[in-house]
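In the structure tokens that follow, a single protein chain appears in two forms: structure 1, then structure 2.
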Structure 1
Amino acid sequence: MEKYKKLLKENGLKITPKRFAIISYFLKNNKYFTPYEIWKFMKKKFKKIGLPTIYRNLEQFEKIGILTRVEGEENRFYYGICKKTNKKHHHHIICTSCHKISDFEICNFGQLKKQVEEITEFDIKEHHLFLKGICQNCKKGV
């Protein structure tokens, strides 16, 4: 958790038990959740906690790279842990069965970029690669 303490500090965010609890929950589960799901969990540990606090924190955590936001079922937005908090370029993959989320650093978009720019006549500023699949546990039927 030292890493996260540092990250919060670096970004001018205060260190609070609630923030640590949220981060721990994501770290422990490696799954993506809705703000509401996080709130349900947090209410067990903190008798007083509002849903807006969850929304506010998840948004900030995404901004500083601790979490990533993915579009999951039912056009809802979910958040999942983003382990690559270093600034390295990377992408995410989710398991449609258990909602596990992982990240990986390999990317070959660079090889494609020029060609797409020629065909579309766009200057490409961002590329987002998003993968869906079945994770190892779900393959094994866990």
Structure 2
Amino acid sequence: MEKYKKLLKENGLKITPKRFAIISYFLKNNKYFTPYEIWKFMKKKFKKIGLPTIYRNLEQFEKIGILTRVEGEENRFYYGICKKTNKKHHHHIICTSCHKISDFEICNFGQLKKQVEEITEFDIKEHHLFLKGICQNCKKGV
């Protein structure tokens, strides 16, 4: 949790009880959630919290690298904790069964980038890779 507090401070964001609760919830569950699911959880702890507050915090957390945003079922956005807070280039893999999210640093995008640029005549400036699959626990039926 200390690295997330440090990220908040470094980016000029106060460490409030609500922000602390949101980050703790993601760390505890290690899954991705919709903003609405986070809001439902937070309503139990904080009576006066609106959905716009949740959206604002999730967007700020994504911007500074605490959370990652993925597009899921029905074109909805989901957020999950990003454990690589050192700004090192990495990607995410998501279990489509239990919604667990993991980070990995393998990336050999170079050759594909060259091919895509030749075909499309675009200059690619960045990329994000989200893989979906079934985690070990779900494969085992745990």
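Whichever C-alpha set is largest while still superposing within 1.5 Å between the two forms counts as the rigid core. From a predicted model like this one, the values you see are computed outputs, not experimental measurements. Residue 1 is the first residue of structure 1, and the numbers go on in sequence order from there.
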- Query: Given the two isolated forms of this chain, which one is the form predicted together with a further copy of the same chain?
  - Reply: 1
- Message: Superposed on the rigid core, does the Cα of Leu131 end up 2 angstroms or more away between structures 1 and 2?
- Response: no
